[in-house]
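Each of the two blocks below gives one form of the same protein chain as structure tokens; they are labelled structure 1 and structure 2.
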Structure 1
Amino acid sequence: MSENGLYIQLISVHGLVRNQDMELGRDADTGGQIKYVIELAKALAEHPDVDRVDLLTRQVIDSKVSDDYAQPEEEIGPGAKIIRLPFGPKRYLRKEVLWPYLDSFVDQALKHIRKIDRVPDLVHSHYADAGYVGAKIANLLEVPLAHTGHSLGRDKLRRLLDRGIKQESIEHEYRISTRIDAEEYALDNAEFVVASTQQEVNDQYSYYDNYNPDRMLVIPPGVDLERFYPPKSRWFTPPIFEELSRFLKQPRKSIILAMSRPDHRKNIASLVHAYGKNIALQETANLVIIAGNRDDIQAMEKGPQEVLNELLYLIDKYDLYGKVAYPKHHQADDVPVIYRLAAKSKGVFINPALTEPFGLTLIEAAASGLPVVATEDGGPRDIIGHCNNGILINPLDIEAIQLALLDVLQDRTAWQKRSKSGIKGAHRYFSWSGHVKTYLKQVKKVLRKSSTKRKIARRRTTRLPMSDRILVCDVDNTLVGDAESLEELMRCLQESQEKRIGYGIATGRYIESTIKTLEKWHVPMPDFFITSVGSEIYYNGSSRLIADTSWGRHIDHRWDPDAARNLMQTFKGVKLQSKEEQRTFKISYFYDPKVAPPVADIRKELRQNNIHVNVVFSHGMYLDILPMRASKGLAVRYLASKWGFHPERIVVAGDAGSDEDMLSGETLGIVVANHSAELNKLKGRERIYFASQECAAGILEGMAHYNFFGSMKV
């Protein structure tokens, strides 16, 4: 925890996220989760131990949605902001198609961290997509991850299979296995998981390979008590009342209120059946159904379209005209008012959903003094258990729904009791400030644990996010080779600890062999490793190495190693190196210049055979075949862009042909005196310094030339 207080980064990738006038229910991706994260951000920032909260989400630039979602920043409240990061296509996309772009979300998040010059104390991801992103960011930064699933893929898969839907079509529509993989990955990496109910833990998370109940924390979501409060004593007629009055013959009758997205699972149809079939119920109360906003039902997606068509049909079938209101539109600010209207009318809130792990609307109703009837499932069971403000029902039992509604509406003494106890329970058990208190207790516990872990490992956390200059060295014959000057170089780096220096190595060796060599020469572990000639990147975590998997994905482009190997076989004088030297993205040969054709001819032949690779020749004897996008230089550039380093603040040292592309360009190059002939062509180039000394002494000489420990002006 920094001295000013905690910096918490919340991540919620999909949907339309804004603080002002949230468009909840506009589509399947813009619902309860959006509200949850905004309110959590606000409540966290209000706590005295928290200094800053950023809610990272996707930037959407699309004329079909409001321009608000294109703004890079929006304030939620003091100390809390929405940060919108651009990644993938600009337009609004549903969450199922965002998967391929999530790695660039990671890169953008790192850029943001660099820009504000502050590493979060905790990353908290929401839903599977953010779980994927959050686990990566937390690993790269070496900070703890918290995760909230909101809803879970394995549970969804099971329900869809139960409904007889085929696995392939579930896969096609929902990318369910990608989602489940991301969830497993997030659970595997999370220090703790926040669930809303115990049932969610027992019945849903338990299906995961990474189920670990010790790390699960049940804290119900809070409700915004400043927005949801009981009605004042006078009857009132807000604009939404006028809207409802267009539907209702006797608009001041008690209201049976249902509010949910038009989703099959919300089971609105059973409610209409229950109401339509019961005259006593119709005489006692009107039915008000708030099912999102709509313009043209026919233009909506299949699911909501079916639900709304069925609703209209049932109203007609039971001839409920004048008794049921189902407004086309409502604003976010109307929602608390609708609850108050229903409470004022001595009505009831009903949630007949088929399953309900959460039930935020029930807490809102409780806080508004409106008694409830709800599905007997995890969320409602907890809420009614705490608030004692209503009745649980089997959502498929029409008669039970009718009886429960009549019971709540007709017994006025019980109504008063339920209303009062709901308000009390909401304040006591479901306030955000209470939520945040429990949450922060856990966060502090985790932070204490992770700082002890770091001390035990006796390694500092990665310096990359905070570095303002970077040294990248080739290993053999550059960094190592001369023990004395190497020791001197290490001492200089050590003594400049207060400077924000990041240091990495770039080598042809594979990772295990690199580490062995560094250990042999007593070189402290660097912040990052570019190994196997730039085809692999690793970071030095406090307890383990972390592979940069997005680099692998990036360079996989057009990589066809079999084709390359087959063609290489046809050349004389090139012989495969040992098995260990062959990597997923690197094929390595010994090259005998006396027998083999010139390297330029080999390149040409490969190209003519439509084999697009990067051929790297070094030390007059090694020939490496890499994907087009892989090289030491490209890896350095990738790291620079990922972590937001300016190339002019990167000093690169090398000695051979495989270092050529990382020495050229905007970076500041050093060629040590003992370099191979391949690098002679770089002589006289701007920003490439040819040292007069060998190995580490040459590096030190070059660093002095660039004033690396000083102002670093070229």
Structure 2
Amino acid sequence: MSENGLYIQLISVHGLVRNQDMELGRDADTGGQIKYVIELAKALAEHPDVDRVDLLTRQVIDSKVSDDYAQPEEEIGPGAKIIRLPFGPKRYLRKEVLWPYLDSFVDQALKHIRKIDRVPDLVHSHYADAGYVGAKIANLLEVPLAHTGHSLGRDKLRRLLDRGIKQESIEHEYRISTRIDAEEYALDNAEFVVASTQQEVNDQYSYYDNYNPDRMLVIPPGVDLERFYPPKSRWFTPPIFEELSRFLKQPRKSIILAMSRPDHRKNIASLVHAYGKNIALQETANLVIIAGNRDDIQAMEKGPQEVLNELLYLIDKYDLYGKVAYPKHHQADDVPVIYRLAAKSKGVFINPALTEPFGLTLIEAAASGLPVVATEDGGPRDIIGHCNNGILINPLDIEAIQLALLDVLQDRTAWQKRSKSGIKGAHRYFSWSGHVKTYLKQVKKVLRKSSTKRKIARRRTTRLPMSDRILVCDVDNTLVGDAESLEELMRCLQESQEKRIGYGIATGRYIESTIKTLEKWHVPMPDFFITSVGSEIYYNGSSRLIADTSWGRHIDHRWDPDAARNLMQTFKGVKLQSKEEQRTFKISYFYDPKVAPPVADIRKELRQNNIHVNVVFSHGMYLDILPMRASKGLAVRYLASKWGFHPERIVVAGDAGSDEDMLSGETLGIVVANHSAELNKLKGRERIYFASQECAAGILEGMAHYNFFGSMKV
């Protein structure tokens, strides 16, 4: 923590993020999480112990969305900013498509940190994709990571399977296995996890291999009590009332209000069935459904399109014209007004979602004096338990929905009690000031325990930080293998020294074996070595090798090699390599795919036994167990951060699975023609060039593609 106060970095990768006129409900990616992180950033910045809050998200340049999302920065309030980082395609994309580009987000985030010349005291990731990048950023900077899942992949998978959807379809639509792996990675690295309810901790996080209840912190989100408050004594007719009145024959009847994204999980159809089948409900109240904003339903994504088409069909089926309002558009400032309109009408708010991790709309309704009916799943149990302002229902029980709504609407004495109790409970349990107080208490506790942070190093008096561009090569079957092309590559590098070109290697070999191999092939000593699959870093000093001891301290975090070895002994088809291959931060095995369990099962078993490691599989036969902070890719990014290299000025070349994370991201990748099949999945990536030639000839081909000795290009 600096003398001026904490610097907290929030990360929320997907969706459309802006401070004003939030487009909540526009699509499945622009929902409550966007509002949560904006209001959290604002509330944190208002606390006297916090100096700066940056909310890192994705820059979107797309004619189909507002130019606001293309602006590199936006102020949220004093001390808080949205920082939009460019990565992947410029256009707006749904979150499931962003996974291949997340390593670029890491590089852009590190570039931002160097630009402002300040390392955050805490990184806080939101959702699985941010958990993946947040863990990498926090590891590279040696700062604590906090994580909030918002919704969890294992829970979603379970519910989709319960609906009869096939695993293959779920994987194709949601990239669910990638999401779950990212969640496991975030949980493995997080110092603490912020959950909204105890039910979320007990019934959702407990399905994860890296579940640790001691690191779970339950803090309900807050609500902006300056925006959400009860109606005044007299009736009022704001513009949104006129919009609703277009649909309703008797617009001043009580309102049954539902507000959510047009998402199958929100279960809007069951609500319309319940209303359409019950004449008493129709006589008592109008139904108002705020389901995001739309221009043309047919132009929307498949999921929202299906939900809205079903909504229109059911309104027609039950002939609910004049009784149901479903406006196409509303503004963010309309939302608190709609709650107050419903409260003034002596109405009720309903959240019939199939699953609800929290339910921020329920708190907004409570603060507005509007009683609620809500699903018995997840957050609503805690909210109604605190506020005592409504009824929990089974969202699939149509009759239960009908009875609960009638109960709230028809008993006016109970309505008044629930209204007052909701207002009181919202103020007592769900204020942002209370949330931040608990949050910062945990942050300070974590920082006190943390070892001294590694600050981004200033440029030093060595040739490395003076380099304009860097070449990093794997050794076996990449740099070496063809003597003639290797000689040509070394000659080109030697002749270009005046252009400030740096050169390093990244290999699975240990340092002594690496040097022996380079000498055998007459390769000049590089400026730096990344050896033992990224677990060791050395610099070429004037008279000796210099180990980067700070890298060793960095990756030692939660490293328990004895526990890893003991568990690995239980697997068939996995045999330790020679003693020389075993290092302080690397355990190496031969892997027989005919006998050994799948690598994914080995990873899972290690996780479930609370062994925090990075499992690297390469060449179809080698298995390396490393600390979770160690890999070739993380080592390259560590060096880029430490010495001030720009990732897009780093060319990396490799041939095997252990090179994958080094090849991904903002660096420029070269895959030589004689590569392992493990890298085929990288074909088509914008910044990865697959050479037609092998070994050093392939490196030269890739360097020519990027114009490495000239202006350089992607």
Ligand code: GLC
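Nothing here was measured: the structure is a model prediction, and the numbers come from that model. All residue numbers here follow the sequence of structure 1, with the first residue given the number 1. Definition used throughout: the rigid core is the maximal C-alpha set that superposes within 1.5 Å between two forms.
Note that the form predicted on its own is the one shown as structure 2, not structure 1.
In the core-superposed comparison between structure 1 and structure 2, residue 210 has its Cα shifted by less than 2 Å.
In the core-superposed comparison between structure 1 and structure 2, the C-alpha atom of residue 678 has shifted by at least 2 angstroms.
With the core held fixed between structure 1 and structure 2, residue 54 has its Cα displaced by under 2 Å. With both forms fitted on their core, the C-alpha atom of residue 580 sits 6.5 Å from where it sits in the other form; this compares the forms between structure 1 and structure 2.
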